[in-house]
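Let's start with one chain on its own, the form predicted on its own, as structure tokens.
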Amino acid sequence: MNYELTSHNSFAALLDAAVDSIIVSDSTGIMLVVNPAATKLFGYQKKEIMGKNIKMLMPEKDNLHHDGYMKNYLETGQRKIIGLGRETTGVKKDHSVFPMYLSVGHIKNSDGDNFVGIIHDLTTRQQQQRQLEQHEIEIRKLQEKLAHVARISTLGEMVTGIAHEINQPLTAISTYAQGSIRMLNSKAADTTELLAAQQKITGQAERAAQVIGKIRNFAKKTNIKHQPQNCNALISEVASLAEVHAKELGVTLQLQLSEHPDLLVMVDGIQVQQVALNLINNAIESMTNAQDQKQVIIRTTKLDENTAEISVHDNGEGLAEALEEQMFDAFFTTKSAGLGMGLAICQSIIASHQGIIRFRRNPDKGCTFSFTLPTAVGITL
């Protein structure tokens, strides 16, 4: 097929105007037409590549197989790129390799078979994609840091109750130890009594260690990692930590765990516990001035095969309607010494887990916060 490239030729005008590179070759791969966008992209003068095999623009792995692909297509009609298009790479005059999207069309004419290749340079797009990915990584790191600060802040608000919880076993240890010393000094120590005292000391030490362990796990800085976690176990553990704060304010915590003991959720455990603890503490504090029985009900429920729900129900003061739209805004707080980041971080964490956090008023008094999590379908621990 004869292509006359003159300023008056409409085909030439189309080639000149095209933003993407266009190359026409014959069935052997010899380049018959190369538009200005192609010569600019590959860094050649037109005279340097006209009449040359198109393989010179390919990396070695494609160069070696090009002739075989063309022959196979012409004989069998089996497509590798022709009529399909795919992302691949090209080689410039300076031997640099760049990403591109290549689509190839087959033209049958009286002179034989020709192929037209349209090449779109993906360099800018891939650079933008890498920048976006890097930006997302930096955002995740910032979210991790902010969530960590919020966890430390939450523990700071609970410090009085935590100190009391740890002080109880320490006081018991001191009492049993002093009793043991007195028995030994009396020179009439009863071995059975001494052994019982040591066992009680050990038990109280383990109790204090468990409290400290929970605090350390909750406070430590971790990388976000979603993995299968037992939903009931996660919430039970965080409820035992919240109980320290609840006892301090005379609030009873009631756990109503899912009837599915092996309910698994695909989550970052520490982050989910952070959300649950924040909601539980908010519920506890909402009942500071309550006259009735102060109770927080914490439920885990399997909504369906793919979704679990955790809810925190209180019978406290509730929230004024005028404030409802602001509750998840950053820096909004009803606490005199609050940072105003708790619920905003909770919402961000649950969104990153493809879940939804909700608020509703209870029919009698108080309110209920709930959030959903994806289940780890088909996974067992």
Partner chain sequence: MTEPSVFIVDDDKSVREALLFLMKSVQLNASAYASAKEFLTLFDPDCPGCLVSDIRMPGMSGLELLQELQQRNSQLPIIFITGHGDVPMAVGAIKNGAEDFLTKPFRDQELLDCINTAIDKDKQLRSKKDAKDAIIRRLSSLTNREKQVLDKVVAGKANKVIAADLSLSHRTVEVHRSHVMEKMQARSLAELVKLIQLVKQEQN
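Positions refer to the first chain, counted from 1. Please read these numbers as outputs of a predicted model, since none were measured by experiment.
Below, we turn to the form predicted in complex with its partner chain, even though it does not appear here.
- This chain lacks the partner; the member of Thr202, Thr76, Gln131, Gln178 within 4.5 angstroms of its partner chain in the model of the complex by a non-hydrogen atom is Gln178.
- Of the residues given (Gln256, Ser174, Ser96, Asn109), Ser174 alone sits with a heavy atom within 4.5 Å of its partner chain in the model of the complex.
- Residue contact check for Ile270: none of its heavy atoms lie within 4.5 Å of its partner chain in the model of the complex.
- A residue is said to contact a partner when one of its heavy atoms sits within 4.5 Å of a partner heavy atom; Asn167 meets this definition for its partner chain in the model of the complex.
- The shortest heavy atom separation between Glu138 and its partner chain in the model of the complex exceeds 4.5 Å.
- In the model of the complex, its partner chain sits within 4.5 Å of a heavy atom of Met183.
- Contact annotation for the candidate site: Lys46, Ile49 and Glu60 all lie away from its partner chain in the model of the complex (no heavy atom within 4.5 Å).
- Annotated contact segment (heavy atom within 4.5 Å of its partner chain in the model of the complex): 204-212, selected among 204-212, 119-127, 282-290, 235-243.
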